[in-house]
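Only one chain comes next, encoded as structure tokens, the form predicted on its own.
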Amino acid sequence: MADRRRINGPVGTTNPPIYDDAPEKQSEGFKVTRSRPANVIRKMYLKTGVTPSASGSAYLEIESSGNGGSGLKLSCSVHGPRALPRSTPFSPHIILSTHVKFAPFATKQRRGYIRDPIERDLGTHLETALRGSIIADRWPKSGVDIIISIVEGEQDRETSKAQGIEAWDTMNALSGCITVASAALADAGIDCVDTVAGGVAALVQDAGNDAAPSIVVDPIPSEHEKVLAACCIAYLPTRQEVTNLWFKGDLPASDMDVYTQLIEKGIQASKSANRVLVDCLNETVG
């Protein structure tokens, strides 16, 4: 009998992936640069209603960088609202539960079946981002579960191994989780004040250490020499509110203009993702 709690492999035979590390000389001679403008995000595909057994579901796919790295593929399912057990204390608001988990085969390093600290942090940030958009007082003593499976994580092998930039990839994953969870909530019919979407902006440095740093949206670490700082923002465009802000990096505290510009670029990225979200919901309704 198959274990339904685990993601089993395909029934047929497959060829195992071979990770052949390129020589350092070849990797130094070939450097992938950013082909997109600094204020343009990558193309994404979003579809709702992919899991019939759930109250609401959505699937998000973001294109890869095109340099051997993997793209981002997320699947979200929403269960509820449903009544809580009798033993649960009364709550005038809905109880939101988020669960983010990497598939064992999502990244180069195989993930375990138990959530690690990175996945728990993603769930905490996701809950904070969604709590600001849901009208919680319409479902007293009710609960809703939001489960996100990261089928394919965005991780460029060579750059991640050389610089240890898993934290920057985690921000891109959180941005996708916020967008796909918002689409799944709308598919489940849960009332929200606005559609929340995630966006990432980063302060990067290219063309050597002497060049002036620049701010780009939807960054890919392998396309830049160094990532100095990054922020992930969950934004409600109609209400013009930020429900979650995650900043990471090393910036001088005296230069507040850089912080402001970084947040503005993150809001711009979230607005671009929100347009894709709204178009997907309009196609579903129509």
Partner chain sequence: MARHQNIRNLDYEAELEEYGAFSDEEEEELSPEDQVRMREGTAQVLEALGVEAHKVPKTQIEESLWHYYWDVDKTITYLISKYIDPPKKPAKTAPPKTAPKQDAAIASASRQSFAHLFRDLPWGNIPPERQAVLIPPPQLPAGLLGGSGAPPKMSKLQQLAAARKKKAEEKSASGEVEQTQVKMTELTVNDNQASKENRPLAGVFGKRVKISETTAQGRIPLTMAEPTRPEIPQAQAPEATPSQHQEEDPIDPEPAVAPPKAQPSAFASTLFGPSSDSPKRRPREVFALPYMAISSYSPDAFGKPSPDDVVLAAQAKVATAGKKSANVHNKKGSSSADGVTNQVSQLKIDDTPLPKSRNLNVLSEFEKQKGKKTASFVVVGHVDAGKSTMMGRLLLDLNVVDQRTVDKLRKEAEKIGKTSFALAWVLDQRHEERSRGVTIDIATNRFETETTSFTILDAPGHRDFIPNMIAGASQADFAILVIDASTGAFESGLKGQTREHSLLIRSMGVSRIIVAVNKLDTVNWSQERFDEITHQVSGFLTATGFQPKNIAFVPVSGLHGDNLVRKSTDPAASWYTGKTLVEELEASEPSARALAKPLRMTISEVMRTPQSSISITGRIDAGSLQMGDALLVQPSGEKAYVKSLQVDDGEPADWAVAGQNVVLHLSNIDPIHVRVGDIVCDPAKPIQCVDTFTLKALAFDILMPMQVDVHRGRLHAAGKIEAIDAILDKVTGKVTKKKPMIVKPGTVSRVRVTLHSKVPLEAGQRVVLRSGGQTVAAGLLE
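Positions refer to the first chain, counted from 1. Computed from a predicted structure; not experimentally measured.
Heads up, the form predicted together with the partner chain isn't pictured, but that's what we're talking about next.
Participant: Counting only heavy atoms and a 4.5 Å cutoff, which of 114 to 122, 140 to 148, 96 to 104, 182 to 190 contacts the partner chain in the predicted complex?
Facilitator: Correct option: 182 to 190.
Participant: Counting only heavy atoms and a 4.5 Å cut-off, does the partner chain in the predicted complex sit next to every one of G49, G56 and T195?
Facilitator: Judged in the predicted complex, G49, G56 and T195 all sit within 4.5 Å of the partner chain.
Participant: Quick one: does G249 come within 4.5 Å of the partner chain in the predicted complex, counting heavy atoms only?
Facilitator: Flag for G249 set to no.
Participant: Is R42 close enough to touch the partner chain in the predicted complex, meaning at least one heavy atom pair within 4.5 Å?
Facilitator: Residue-level check for R42: yes, a contact with the partner chain.
Participant: Just checking whether T238 would be counted as a contact of the partner chain in the predicted complex - the rule being heavy atoms within 4.5 angstroms.
Facilitator: Although the partner chain is absent here, T238 would touch it in the predicted complex, with heavy atoms inside 4.5 Å.
Participant: Quick one: does E223 come within 4.5 Å of the partner chain in the predicted complex, counting heavy atoms only?
Facilitator: Looking in the predicted complex, residue contacts with the partner chain do not include E223, since no heavy atom lies within 4.5 Å.
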